[in-house]
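Form predicted alone, single chain, as structure tokens, below.
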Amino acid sequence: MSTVEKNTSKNFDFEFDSNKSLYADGIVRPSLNYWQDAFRRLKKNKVAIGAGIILIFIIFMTIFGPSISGHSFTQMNRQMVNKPPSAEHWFGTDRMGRDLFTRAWVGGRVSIIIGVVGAIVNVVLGLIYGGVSGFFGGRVDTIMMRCIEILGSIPKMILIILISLILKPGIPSLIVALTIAGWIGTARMVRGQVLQLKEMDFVTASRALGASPFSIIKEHLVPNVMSTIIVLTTIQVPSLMFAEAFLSFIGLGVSSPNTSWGAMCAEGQQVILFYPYQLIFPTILISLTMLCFNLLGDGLRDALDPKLRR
């Protein structure tokens, strides 16, 4: 035995394990696709999960809450005008003797519907417009972007107020007013991502194989921007709810006897010095809902970001 072999045998003592497991070289972590891995990371975000649970509870109450109290949201009782919270009226009553607990959840139903539907409309319009503009590029992109710049140059709130004045008051007119220019930011963001994606190798390969533009947009571009779309939807909901509350606050929202959280805040603001609870309850509900949507949107953004995958 040589000197090197002797030193090696002295310094290193190797021992072979005869009971070595058959699965020692196997994959310990199960294979997950993109959406499964995103859901796994979302579950680790306790703040986002907590916000989602609170949102589910609020949505549940907007659906079933009005039937819990036993009072109709339009029922007036002149003997119960401006009563504070009690066992019979949990949130008190307003200046017409209507139960505020029932009206709060009916108003939440209107506010959430306007926020969610408006966000979906904004995202769909922005996805289509931005996708077409970014994919075709050239003169088509130039013309479509100039149209967006012209529309975006008009002050958004003034445009919303004008549309609200022209149309008949109600939920459909509010959705139209809030989405008439709300999709511009989404269109610009989608266009920027499509401009990057269309130069990728898989898009070039699809073109070489004779795929139609519609097929490329549907099969390759839309799935790759879907994570951004989901995050944009959850983030736009609270902003649209706030805009609806502002319009209702200045009298351009839903008309009586229907109500929303913004309309309830407008009514409570008039009597805040004498009956502050009429403003406190709808304010807490709209603030909590907007906060939960923002926290859930942040959690989804972190979970869907492929750069943070580990």
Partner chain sequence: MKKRGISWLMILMLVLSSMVIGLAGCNQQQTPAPAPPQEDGNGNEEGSGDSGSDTDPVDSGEVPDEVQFFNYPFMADPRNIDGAMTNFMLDLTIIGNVHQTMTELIFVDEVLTMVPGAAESWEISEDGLVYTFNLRDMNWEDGQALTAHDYALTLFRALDPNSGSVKAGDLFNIENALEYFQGNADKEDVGIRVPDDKTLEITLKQVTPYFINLTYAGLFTPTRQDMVDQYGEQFGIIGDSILASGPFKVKEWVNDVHLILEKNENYWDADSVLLETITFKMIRDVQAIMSELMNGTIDRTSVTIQEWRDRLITTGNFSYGDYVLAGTYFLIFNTDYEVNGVKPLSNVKVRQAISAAIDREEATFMLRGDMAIPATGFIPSTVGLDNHNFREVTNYNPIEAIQARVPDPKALLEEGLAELGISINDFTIEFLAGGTTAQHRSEAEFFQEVLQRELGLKLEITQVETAVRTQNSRAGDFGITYSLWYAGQNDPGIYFNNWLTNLETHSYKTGYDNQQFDEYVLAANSTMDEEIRRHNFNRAEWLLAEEDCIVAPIYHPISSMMTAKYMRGFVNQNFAPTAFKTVYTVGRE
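Positions refer to the first chain, counted from 1. Fair warning: this is a prediction, and the values are worked out from it, not measured in the lab.
Missing here is the form predicted together with the partner chain; even so, the following discussion is about that form.
Using a 4.5 angstroms limit between non-hydrogen atoms, residue 36 is distant from the partner chain in the predicted complex. Contact check for residue 60: every heavy atom lies farther than 4.5 Å from the partner chain in the predicted complex.
Contact check for residue 281: every heavy atom lies farther than 4.5 Å from the partner chain in the predicted complex.
Shown alone here, residue 131 lies farther than 4.5 Å from the partner chain in the predicted complex, counting heavy atoms only.
Contact with the partner chain in the predicted complex, defined as any heavy atom within 4.5 Å, is confined among 161-169, 131-139, 198-206, 84-92 to 161-169. Annotation for 48-78: interface residues with the partner chain in the predicted complex are 74, 75, 76, 77, 78 [heavy atom within 4.5 Å].
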